[in-house]
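Consider the single chain below, provided in structure tokens and representing the form predicted alone.
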Amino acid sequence: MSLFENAIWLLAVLPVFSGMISLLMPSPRRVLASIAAGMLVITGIDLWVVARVFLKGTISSNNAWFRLDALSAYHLAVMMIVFLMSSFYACSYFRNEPAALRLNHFLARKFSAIWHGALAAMTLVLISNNIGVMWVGVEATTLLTAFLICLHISAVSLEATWKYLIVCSVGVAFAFMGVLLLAASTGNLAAGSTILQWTHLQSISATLDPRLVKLSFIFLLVGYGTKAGLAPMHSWLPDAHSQAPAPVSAIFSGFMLNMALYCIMRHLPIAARAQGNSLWANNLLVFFGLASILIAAVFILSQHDLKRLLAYHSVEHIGIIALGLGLGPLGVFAALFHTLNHSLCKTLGFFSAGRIGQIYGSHDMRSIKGTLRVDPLWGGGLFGSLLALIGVAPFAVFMSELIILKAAADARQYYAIILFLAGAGIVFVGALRHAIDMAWGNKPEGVAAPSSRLIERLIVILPLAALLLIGVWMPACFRNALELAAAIVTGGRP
């Protein structure tokens, strides 16, 4: 047994150590370089533990307070891919900031401390077997990441920060009520430290008070759904994404939203079994998923700001994942597949939007023209990520959305198919128009891009290559990982 198999909590401590080391660096450039180097080490260790879970089974430690099964291991892998790419990208992004916005030593150390703190909190959410500790981790991410939105202080960034704090805090308070109601549904509040353990609750879910479980799931869905950006609780998301620096927007959209949905996934099998395996919780997810897709489609049509456009794509794709979760085992499989696809293309999308914004001096899409001629690398990255986001074949997003449609047909949810296709069609037309207008057209006078480095080329090429590869061929080990994770969400239903 390795050290991490006996003490999984060390996975959440690793970012803290890495953050402390980066604080000792003597210059902003070295602080950012140490973040990237530290993230490389953490990713290697985390992926090794993830591989251990998929090869040999669930890891549990500290009297089952911490646990890593296929579902949490899959999300841990996605999270580390997003953080690793974003950490290397941050070195390039902040180096190319205008002089007035360039990080000084204090701001670089502040960024490093919060960046690593956010990673530690998100890791805690994933490895915790206690739904109370899981809630604490989610609340910690809210408090920490708020300060990343206003890293560059301005009136609009402060407004976005306060909006994020207030809306998400209310949401997390709803989730807290859900946790309390779920504990009360056991009818044995004096049961001790195991009462909030997810494994314990799942094992006794058939004996829980169904009325309290139903009420708790509604609170949890609204609470964590607010953090995930599900409509109509998504009001914080466009402002926060548009005002945060691009690396921060990437981790917000690339994983933080997934983390909140992960919390809902943990409660779904408990709620279903407590209701005698009825589909009422699934139907709620279908409703919020479709609402998110349709509301996002309307706003995507009228957007002029590039980062706000990507933010509404986040609302749309979180809705697609929620829709898949509500459609049974095949839908859950597709939703987890879509989670990785969305994380890859949205992370690349925000990377490209950040660099394009620096080159053009604006995120206004009406003034961004000819990106493929101005900077083929980042212009191509933006165009490719937008094509992937709207589900153009053979990108993997097309495949995961196709499987979700198959799941809807199998479940005879024909109205869901019609509304999903209507929303996706509107998004396709609206976003493709934006993508073509930015990629081609007459470039503004005086706009020029600096030469790109090898790491920047890798950051663009690798995600696009991965999205194409898993769009045409899904490796057996990846399919097996998705099936194991999906079985946990469905409570073992085939």
Partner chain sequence: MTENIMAVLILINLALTASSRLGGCINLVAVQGIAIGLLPLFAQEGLTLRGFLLAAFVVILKGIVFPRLLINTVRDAAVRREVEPFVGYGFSLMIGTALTVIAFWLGTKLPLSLSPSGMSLVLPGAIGTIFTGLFMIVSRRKAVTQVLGYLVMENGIAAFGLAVVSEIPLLIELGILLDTFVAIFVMAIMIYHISREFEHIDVDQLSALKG
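Computed from a prediction, not measured in an experiment: that's the story for all the values here. Residue numbers count along the first chain shown, from 1.
One more form of this protein, predicted together with the partner chain, exists but is not displayed; see below.
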request  = May I ask you to check whether R211 falls inside a 4.5 Å heavy atom distance of the partner chain in the predicted complex?
outcome  = yes
query = Though only this chain appears here, would D239 touch the partner chain in the predicted complex if you measure heavy atom gaps against 4.5 Å?
reply = yes
task = Evaluate A100 for contact with the partner chain in the predicted complex, applying a 4.5 angstroms cut-off between non-hydrogen atoms, and reply yes or no.
result = no
inquiry  = Contact with the partner chain in the predicted complex for D364, defined as at least one heavy atom pair within 4.5 Å: yes or no?
reply    = no
inquiry  = If the cut-off is 4.5 angstroms on heavy atoms, which of these, L107, L143, A409, L372, is the one near the partner chain in the predicted complex?
reply    = L143
ask   = Of V78, L284, I403, A160, which residue is found within 4.5 angstroms of the partner chain in the predicted complex when only non-hydrogen atoms are counted?
value = A160
query = Any chance all of L230, L279 and F288 sit within 4.5 Å of the partner chain in the predicted complex, going by non-hydrogen atoms?
reply = no
remark   = In contact with the partner chain in the predicted complex (heavy atoms, 4.5 Å), from 289 to 297, 419 to 427, 251 to 259, 194 to 202, is stretch 194 to 202
query = Going through 148 to 177 from first to last, which residues have a non-hydrogen atom within 4.5 Å of the partner chain in the predicted complex?
reply = C150, I153, S154, A155, V156, L158, E159, A160, T161, W162, K163, L165, I166, S169, V170, A173, F174, F176, M177
